[in-house]
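Read the single chain below, which is given as structure tokens and is the form predicted alone.
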Amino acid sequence: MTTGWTARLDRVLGARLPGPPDVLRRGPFREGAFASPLHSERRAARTGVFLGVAFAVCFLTGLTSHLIQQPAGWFPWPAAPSWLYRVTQGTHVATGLAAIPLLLVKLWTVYPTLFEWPPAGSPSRVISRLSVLVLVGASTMQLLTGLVNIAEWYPWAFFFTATHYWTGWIAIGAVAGHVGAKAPAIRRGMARRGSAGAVAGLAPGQAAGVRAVDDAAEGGAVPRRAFVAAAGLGVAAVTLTTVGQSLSPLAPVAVLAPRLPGVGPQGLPVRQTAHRAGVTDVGADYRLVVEGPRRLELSLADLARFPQRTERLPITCVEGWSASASWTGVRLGDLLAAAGLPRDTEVTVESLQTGGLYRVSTVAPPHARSPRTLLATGLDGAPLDPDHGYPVRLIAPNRPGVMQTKWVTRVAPGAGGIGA
């Protein structure tokens, strides 16, 4: 029975559809309209491999960031090493930016297939072309909205974070489906090498001759090597002019990066200012409340009487920039102990900020008990600037910047909140 249905399905999907009249075969539809040999399986397959790797890296690092901010019970995120999130999120953004020129190169190598004749010779071909539409649409939206997001410009009504997350699943699923459907073409493209690997067993002179013939066949107006070099230089240029936002030694050449280490109040970038958060008038009556068996209400003078610690920790924004600084304050664990709570108590940290998705963050046990997690009152030897969270901010190792709550007013046991 199954074999019969499979045979019928194969006949339906493989049935030849009537072709369009030849009178329509004009412009880009005419035979030979795209003469460049660079529009080939070889170029498409090799570019696709690099693009597929970039998408896989982006997906895995983006999923990591999502799970840190929206924790699942099966996904523990450690407090050490303190630089781990800096690496994963910096890689996420840098790879996403590098994927933009790669996607453009990939689309250039295959766009003549949009005008193949007939447009769809069978129902299976119709389905294949529709799947490519999903792939291109999801990939383009994912990369372009990510680019706009790191510039903090939101010309849309939807919530970027949720949209980016679900579009990422669509894009990576479409990539996997496309690779499966195009596996034979990919194998053919990867096998066509103008190198000694494709001419195993030949003498060096014979191998060189084969490579020369291969280069001539794909030369045309733009030689193969020039095409590859141009694509590589495009990716390198995008990477070098942006990656300095998270890799400090390259900051001087990061001319296209939206944020740079060392630029901002007290020499540190900020995303959310005190003015935008509505925290502009913190008076002498400020108190930090720590809920527990021994409830604490602490003024800044009270906090100063606790043992003071200084830790050098990075701030890492989900937009990809990061910078290290020296923070001074009281260990969160010391305050929990003073309130009669275990040092590894999961707590929520609330901000004076009255609204916004990131007003409250949850500090999980690995970070709560870490001796490097501070409620900081100072930055690089000076009191906190209002834009960095004066009078008190949370700073913990290996957490996204949106979860390093500024303008802290209350610490309480129990999970909750979205992230700050």
Ligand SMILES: Nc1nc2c(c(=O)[nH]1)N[C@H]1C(S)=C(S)[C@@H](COP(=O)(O)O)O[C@H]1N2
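As the structure is a computational prediction, the values presented were derived from the model and not from experiment. Position 1 is the first residue in the sequence shown; the rest follow in order.
There is another form of this protein, the form predicted in complex with the ligand, and it is not shown here; the text below is about that form.
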**Report entry** the ligand in the predicted bound form: contacting segment from 312-320, 157-165, 109-117, 294-302, heavy atom within 4.5 Å
**Finding:** 312-320
**Report entry** Non-hydrogen atom within 4.5 angstroms of the ligand in the predicted bound form for each of 308, 331 and 378
**Finding:** no
Requested in this report: Using the partner position in the predicted bound form, report whether residue 271 sits within 4.5 Å of the ligand, counting heavy atoms only.
Outcome: yes
Report task. Look up in the predicted bound form whether residue 372 has a non-hydrogen atom within 4.5 angstroms of the ligand, and give yes or no. Result -> no
Query raised in the report: Taking 4.5 angstroms as the cut-off for heavy atoms, does residue 388 touch the ligand in the predicted bound form?
Result: yes
Report task. Answer with yes or no whether residue 353 is in contact with the ligand in the predicted bound form, where contact means some heavy atom within 4.5 Å. Result -> yes
Report summary line: Applying a 4.5 angstroms cut-off on non-hydrogen atoms, the residues of 387-402 near the ligand in the predicted bound form are 387, 388, 393, 401, 402
